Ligand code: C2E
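Given next, in structure tokens, is a single chain: the form predicted on its own.
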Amino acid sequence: MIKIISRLKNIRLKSKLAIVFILQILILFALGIMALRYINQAGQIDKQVHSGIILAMICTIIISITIIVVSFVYFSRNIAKQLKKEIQFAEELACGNLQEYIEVQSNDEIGLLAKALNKAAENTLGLVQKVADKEEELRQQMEELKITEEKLRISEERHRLALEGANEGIWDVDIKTKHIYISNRGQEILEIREYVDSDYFLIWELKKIIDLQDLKEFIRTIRSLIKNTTPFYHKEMKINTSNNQVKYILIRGKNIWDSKGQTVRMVGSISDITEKKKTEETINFLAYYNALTSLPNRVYINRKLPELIERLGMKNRKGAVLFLDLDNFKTVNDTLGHDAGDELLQKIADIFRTCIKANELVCHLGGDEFIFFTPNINKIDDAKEFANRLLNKFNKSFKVKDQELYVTASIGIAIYPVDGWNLETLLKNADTAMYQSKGKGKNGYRLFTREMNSKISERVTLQNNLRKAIEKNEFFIEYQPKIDIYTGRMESMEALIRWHNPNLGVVSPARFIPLAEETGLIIPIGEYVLETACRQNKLWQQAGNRPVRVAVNLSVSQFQQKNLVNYIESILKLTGLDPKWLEVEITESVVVNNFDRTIKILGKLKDMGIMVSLDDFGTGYSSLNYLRMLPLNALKIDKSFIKGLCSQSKESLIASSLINLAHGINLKVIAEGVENADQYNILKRYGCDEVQGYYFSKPVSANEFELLLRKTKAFKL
């Protein structure tokens, strides 16, 4: 019966216990009735039966109690078993095992508890699934966030690298809080080492490094930014660094408005533009100033002088343009080298800076040419006084390369507006006057005159024709004999260049040789003379004439050529002339150009058998000590000493001293420019070796000179 009741699935546990209890009460009630019935009938029953009935009732009661106890025990065990399953399920559920279910066998409390646990498991499983879904969603969001953060990090890194690469500093000002932010790079540029976010501190720091005027303008512009009167800020400023160096910075700024149009922030950048400014200054310097002397150059003149001249016109005043050119500066370059020439120009430029007044201007055109401008001209004498002021600076020597050099200058002056209304005309006329000054002996000045233009035109014409003379075979050679002063025999001859132009006629060497040296045409002219003279001398020898040496002049420009020795050797091979029949004449300017190199070249020429003579001796500035070191054969006394030669004259004393000096170091002496018997007799008395001049023969053509070679008699002495 207990098992039957326990299997009733739809009856609650307390109902089951109640049924068992009621059944037991009914049984006891039935037994009680039966007992009363037996008691009522006790009289009819013997005592033995009565005792049996009582015993049966007692047994029944015991059995009922036992059933009740057994029922409770059974139900307890059944409940305990079910509870154990449910407890195990609850533990599994607590451990997260949501896939198991409790089999529900009844609808009693145990069954309801099982259902509740199953429902809890089901709900928990759903909740877990939701949590899992949410967790997956959060995980995806976290992944997206990580990707976003990585992109942001990369973007910030790129931004930082871009700022660092752009050498930019960042500043940010909050108008309301007055909080100021300056990036590390900005602090580094401004050299603010211990920065505090304070506008007071920043202004205090800036006052120490920024020029006061720049700082005032900076503050004024910032205020206008705040008031929205200026949308942008862009300013270059010069600051002084902590080590007293100058640095240039560029500050840019922009204001940011709120919805009401009020400025709430200002942001911008700071750039170090020192290198850029230095580059700009260098470019500007190279564009407008001479790199060697740091004086304004031709470009500066073309921009500045027209303005100054225009001001003179507006004020109806006079001004002067002076064109200064150093005398014989090419000789300095040729003799001492271009480094010495550059050093000399720098020293002269320094002197010019100190001798001009505040409203005057000095410019360096290039080479040895300088331009001066002065507006202080009330009369012509003012321009002359300015020129003399400049020339007086050349009264003392200049020490260059451990040598004392005396330099002079020639100046041309053009007056505004008399000699021109514009810069081009004034420069041209001042240049013309300068060349006239050089033509009149140099070391002076000349005022421009209208007649000078015709002479300049002649010079230009001469230069143009000179360039075409070689191509048109307009040059020819004349030869002048050198005579032994004792025997009257011709010992050698000098080859002299001549130029015959169809339009100009015969042009004097005194006119075209200096021009050829200035233009560089002296090199092809010198090569022409060397080859022609060697070839002609060989032809005379082949014709059976008595062999004599032919002397050829070598210019400074020729001597500077690296292949000079090889070139002379090739000419001798080409013409077939023996080296002993060639003589080369050099001037003192060649000697002092590069003394060591000169010794080597002359030594090679002498070793080849070529005779070496020092021409125009006494007119240069080389040291007499050089003579004993140079590989020379002869000295030629310049004709300037021979011209005034007479008894008891200074020239006579000088000539005598030079001859004795040369003989003292075993050199032959040749005197050129001998024009009369008195000069000849004096030179003979002093012991001169050879003479050359019109007294014996003027320079003659090759055909005429061949007649002199064929003479069997000596020259009449």
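Don't overthink the numbering: it's just position in the shown sequence, from 1. Just so you know, these numbers come straight off a predicted model, no measurement behind them.
Below, we refer to the form predicted together with the ligand, which is not included among the displayed structures.
*Candidate stretches 319-327, 542-550, 176-184, 504-512 - the one whose heavy atoms come within 4.5 Å of the ligand in the predicted bound form*: The contacting stretch is 504-512.
*Can any non-hydrogen atom of Glu585 be found within 4.5 angstroms of the ligand in the predicted bound form?*
Heavy-atom contact with the ligand at 4.5 Å: present for Glu585.
*Going by a heavy atom distance of 4.5 Å, is Val674 a contact of the ligand in the predicted bound form?*
Yes.
*Does Leu496 reach the ligand in the predicted bound form, with heavy atoms at most 4.5 Å apart?*
Judged by the heavy-atom cut-off of 4.5 Å, Leu496 is in contact with the ligand in the predicted bound form.
*Would you check, heavy atoms only and a 4.5 Å threshold, whether Lys639 touches the ligand in the predicted bound form?*
Because a heavy atom of Lys639 falls inside 4.5 Å of the ligand in the predicted bound form, the answer is yes.
*asked:* So the ligand isn't shown here. In the predicted bound form, which residue out of Leu554, Leu602, Leu577, Ile348 has a non-hydrogen atom within 4.5 Å of it?
replied: Looking at Leu554, Leu602, Leu577, Ile348 one by one, just Leu554 meets the 4.5 Å heavy-atom criterion.
_The unique member of Asp615, Asp272, Asp368, Asp419 whose heavy atoms fall within 4.5 Å of the ligand in the predicted bound form_ = Checking each option against the ligand in the predicted bound form, the one that comes within 4.5 Å is Asp615.
_Taking the ligand in the predicted bound form, would Ile522, Tyr694 and Pro699 all count as contacting it (heavy atom within 4.5 Å)?_
The answer is yes; Ile522, Tyr694 and Pro699 each reach the ligand.
*Taking only heavy atoms into account, state which residues of 524-539 are within 4.5 Å of the ligand in the predicted bound form, ordered by sequence.*
Residue within 4.5 Å: Val529, and no other.
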